[in-house]
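Shown below, as structure tokens, is a lone chain in the form predicted on its own; questions about how it binds or moves come after it.
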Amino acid sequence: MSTPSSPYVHTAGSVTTVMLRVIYALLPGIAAYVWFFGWGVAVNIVFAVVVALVCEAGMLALRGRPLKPFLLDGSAAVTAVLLALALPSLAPWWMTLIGTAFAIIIAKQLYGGLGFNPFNPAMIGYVVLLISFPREMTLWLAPEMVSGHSMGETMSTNPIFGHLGGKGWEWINGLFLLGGLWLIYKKVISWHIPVTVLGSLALMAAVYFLIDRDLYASPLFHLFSGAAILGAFFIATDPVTASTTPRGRLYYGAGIGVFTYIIRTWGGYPDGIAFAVLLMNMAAPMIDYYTRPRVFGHKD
């Protein structure tokens, strides 16, 4: 009797299954996003997905790779959705086109495609747009001005603030949080990176908030405003560009949280998630090298 070759244990998941579950987990937050910021969000997402698939197909054809398995794995669609969620709801179409094309062509395919890119493609596309078109990328209107829905009474009369953070963002981030917890439950991602990203961000915010409450925002504001929760569960956990060792994921996530707070508080950009993720993408190989688990049968 012949013995089959390894591996002997197979997982039920595939790249397509993982990517579809990520999209499913994003849907509640996307629905809230559309409610508060209007249908421009959905338009950006659909357009970005179309551009991503076209660019992916074009690059695969140029590289002589088969189209169907790579177009249907869902990775290009996830990149497009995450990038579109980072854009203002009324962003011009050409910005979505440029950012998505750069993410797929330059940040993903020129490195060899899925599994070979050292940086998160969606965040590369976002940073290119933010640096190139800072005015257009920071034209976020208050939710009531975009959607027409009344937000009710809040802790501030300022139209951009809600009960915990940015108006409307508490609900959007709360639903992204539920989606992220579902991904942990389904074992699509592990808890290490999300917990340390949000934990280190909250800890930094708490320390400085206690030092001067009039100058520094509260931990809840940092967690429920901007892309902190989206970044912690859906961006920082990218299996290709993140740290892969159990202990390394803790350092990796903590670094993202610390860099996010530093950039938000003392940097020149409104949200530091993208830059923090890219900085830690560069550090991930070194972190993995120094946090490798001991190999069974070896002393060190």
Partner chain sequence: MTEYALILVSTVLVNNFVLVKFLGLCPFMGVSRKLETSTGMALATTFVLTLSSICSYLVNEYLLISLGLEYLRTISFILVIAVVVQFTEMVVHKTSPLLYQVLGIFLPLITTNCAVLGVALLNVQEQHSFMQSAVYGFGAAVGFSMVLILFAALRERILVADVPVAFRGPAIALITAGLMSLAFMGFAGLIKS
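Positions refer to the first chain, counted from 1. Remember, predicted model here, so these are calculated numbers, not experimental data.
Below: the form predicted in complex with the partner chain, not depicted.
S.K.: Give a yes/no on whether Pro69 approaches the partner chain to within 4.5 Å in the predicted complex, heavy atoms considered.
M.R.: It does not: once the partner chain is placed as it appears in the predicted complex, Pro69 has no heavy atom within 4.5 Å of it.
S.K.: Any chance Gly268 has a heavy atom within 4.5 Å of the partner chain in the predicted complex?
M.R.: Taking the distances in the predicted complex, the answer for Gly268 is yes, it comes within 4.5 Å of the partner chain.
S.K.: Mark Gln109 yes when one of its heavy atoms lies within 4.5 Å of a heavy atom of the partner chain in the predicted complex, and no otherwise.
M.R.: Heavy-atom contact with the partner chain at 4.5 Å: present for Gln109.
S.K.: Answer yes if any heavy atom of Ala227 is within 4.5 Å of a heavy atom of the partner chain in the predicted complex; otherwise answer no.
M.R.: Because no heavy atom of Ala227 falls inside 4.5 Å of the partner chain in the predicted complex, the answer is no.
S.K.: If contact means a heavy atom within 4.5 Å, which one of 219 to 227, 85 to 93, 98 to 106, 188 to 196 is the stretch that engages the partner chain in the predicted complex?
M.R.: Single hit among the candidates: 98 to 106.
S.K.: Any chance Ile30, Arg135 and Tyr208 all have a heavy atom within 4.5 Å of the partner chain in the predicted complex?
M.R.: Heavy-atom distance to the partner chain in the predicted complex: none of the three under 4.5 Å.
S.K.: Which one, Cys55, Ile263, Val49, Ala254, lies within 4.5 Å of the partner chain in the predicted complex by heavy atoms?
M.R.: The option sitting close enough to the partner is Ile263.
S.K.: Would you give me the residues of 115 to 139 that have any heavy atom within 4.5 Å of the partner chain in the predicted complex, in order from first to last?
M.R.: Counting only heavy atoms within 4.5 Å of the partner chain in the predicted complex, the contacting residues of 115 to 139 are Phe116, Pro118, Phe119, Ile124, Val127, Val128, Ile131.
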